[in-house]
Every structure is written in C-alpha cells, then in structure tokens.
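Have a look below at one chain only, the form predicted on its own, in structure tokens format.
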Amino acid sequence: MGASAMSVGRGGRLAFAALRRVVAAVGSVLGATLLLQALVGLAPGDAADLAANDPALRDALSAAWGLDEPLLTRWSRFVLGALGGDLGESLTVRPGASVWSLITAAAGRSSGLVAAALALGLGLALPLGFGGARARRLTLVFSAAPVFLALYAVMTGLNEGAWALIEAGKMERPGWFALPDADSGLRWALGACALAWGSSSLAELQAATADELTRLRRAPFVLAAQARGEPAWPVALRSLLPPLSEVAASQVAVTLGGLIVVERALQLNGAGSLFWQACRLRDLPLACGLAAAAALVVAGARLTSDLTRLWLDPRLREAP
C-alpha cells in the first residue's frame, strides 16, 4: 500500500511539473504572436498602403482587413481564428491564398534543412566534446563567423574555383554552377552546414557537451564504478541525455532564426524566406501565422526536452 501511494505521489508530481511546462509553452506562443502584431503595427505603412494608391481604396482595404483595429482586438481575433483552424488569407504576398496552405508548403521545404542542421550540429558536438580546451578554442574560432559571411565566403570560393577550372578546360560546367542561382542539392547542403556551424552555434553545442562530460567524469557513481572495475558508460550515457536534450532544444530557436538568413542568401523558398517576404510586404496574417508556427516548434522542442528531463531526473519534479 505504501509503495503504491509513493508511486501515485511520484506520478502526480510528474504530471503537475509537466502541466507547468505546457502552460509555459502556450504562454510563449501567445506572447510571440502578440509581440509580432505589435512590431508590425509599429512599422511604417501597412498592407493597404502597398495594395492601393487611392486614399479611399486604401481606407476601404484597411477596414476590410481589420488593420485599423486596436492591437489587442487584432491579436484576439487572430488567436480565436487559429484555435478554430483558420489563419486567414494572405494580403500581399499571395493575395487570397490560405495562410495555412502557404505555411505548410514552406515548412515542408524547410523542415529537412532544420533537421539536418540540428543532427549535424549534435553529431559533431559530441565527439568534439571529448577534445578538451584545445578543441573548444579551435571550434570557437572557426564557428565564430556569422552565417551570412560564411555562406558568402563559401559560395564565392566555389564559384571562383569552378570558373577557373572551367576556363582552363579541366572540368565541365557542374550542375550546381553558379551558386546560388542554379537549383541543386548543394544549396541545401550548404544551408544545413551554415546553420549547424556558423554564428558560434557549433561552439555553443561543443562547450555545453564538454561541460557535461567533465561533470560526468567526476560524478560519484562514475568514480565508484571505475574503482570497482565496472563499465560506467551505460549509466553515464543515460545521465547525459537530459542535459543534451536541453542543449538541443535551445538550438532549435537559434536554427530557426538563422533560417531566414540562409534561405535568403541561397534563394531557398522555405519558411524563412516566406517570413521575410511577409514582413517586408506587411502581410500581417501570414507573418503572424509563421511566427505562431515557429513559436510552436520552439515551445514543442522545449516541452519535449523538459518532459525528457523530468522523466529521467526525479530531482527536477520537486523543483518549484
């Protein structure tokens, strides 16, 4: 009976801790859409200014699109529509097109790029984490370049090198030449590498992994296992999963932010490029829909990380 009560108590604490994380995730999504509504509203001009030159038509469009409504009114209308599965229609990017269809199509093109960047970053960070201080310094130096600068340097080098070889008659014109105009898989590969490596992303992953490995090497259960001559890596690996899941979740937001730069630089028609167009053309429904989708992805990653840590580390369930 006592063991059953203890089990129920642990389950209740886990459920309550998970509920707190869910509430925080919902709050972050709502906050992101409200912030974007405010930023777009404060920017000079709106979709009606871009769509019409005649003042009367502009006022009619502004009223029809609800652009003249107060911030909280526009935001609550967007939230209620989103809860009902209706994100509205694009105003200026693809006039009349469903925002939902535009987002799903663009997200499908960008999801592979984001997943490849995260997998590449985590796959490199773990072995580099064993390299110590020297590996950390080298990774920081080579990863410090901003994403756009790294992409420009790589594309320039590839284009100039390929052109020199073509002019010398040493190679045929490759299918990817010249970047970024030619449609090829190389553009997506470069985008994934830039997202994983640039703007100190890999350095942050490597540093976090190295710190956790150092902590685990000094952990009492590892030292006890070594003293007994037993392998400590199975338990150490399980202990490494919670912090690694937290590190991976933190990188999701960084990767999504870099997606705008990468897709614009490489002319990839994904969610990042679409978001840039929506903000440039003041397409409020599309921009808010994309912001909500990005916030959901980030919140979902953090929620998954939190639930993983709560499940594997009972001490976190007692945290306030």
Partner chain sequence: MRLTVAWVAVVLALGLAWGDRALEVVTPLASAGPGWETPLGRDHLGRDVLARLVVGAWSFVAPGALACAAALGLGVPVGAAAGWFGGLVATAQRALTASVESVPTLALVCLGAAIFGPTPLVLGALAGLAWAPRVAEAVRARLESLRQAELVLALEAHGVPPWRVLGHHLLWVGCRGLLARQALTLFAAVLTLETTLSYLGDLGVAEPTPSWGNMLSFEWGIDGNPWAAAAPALTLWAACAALAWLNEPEARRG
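None of the values given here were measured: they were computed from a predicted structure. Positions refer to the first chain, counted from 1. Think of the rigid core as the biggest set of C-alphas that the two forms share within 1.5 Å after superposition.
Not on display, but discussed next: the form predicted in complex with its partner chain.
Close approach of residue 144 to its partner chain in the predicted complex, 4.5 Å, heavy atom:
Although its partner chain is absent here, residue 144 would touch it in the predicted complex, with heavy atoms inside 4.5 Å.
Heavy atom to heavy atom, is residue 35 within 4.5 Å of its partner chain in the predicted complex?
Yes, residue 35 sits close enough to its partner chain in the predicted complex that at least one of its heavy atoms falls within 4.5 Å.
Any of the heavy atoms of residue 70 lying within 4.5 Å of its partner chain in the predicted complex?
Close contact is absent here: in the predicted complex, residue 70 is far from its partner chain, nothing within 4.5 Å, heavy atoms only.
Residue contact check: residue 137 to its partner chain in the predicted complex, 4.5 Å heavy atom
Judged by the heavy-atom cut-off of 4.5 Å, residue 137 is in contact with its partner chain in the predicted complex.
Mind telling me which stretch in 112-120, 71-79, 153-161, 215-223 gets its heavy atoms within 4.5 Å of its partner chain in the predicted complex?
In the other structure, the partner sits against 153-161.
Its partner chain is absent from this chain, but in the predicted complex, do 126, 244 and 311 each have a non-hydrogen atom within 4.5 Å of it?
No residue of the spot touches its partner chain in the predicted complex.
Residues from 28-43 in contact with its partner chain (non-hydrogen atom within 4.5 Å) in the predicted complex:
Read in sequence order, the residues that approach its partner chain (within 4.5 Å, in the predicted complex) are 28, 31, 32, 35, 36, 39, 40, 42, 43.
Superposing on the rigid core, I want to see if residue 295 changes position between this form and the one not shown - specifically a Cα shift of 2 Å or more.
Not so; residue 295 is displaced by less than 2 Å.
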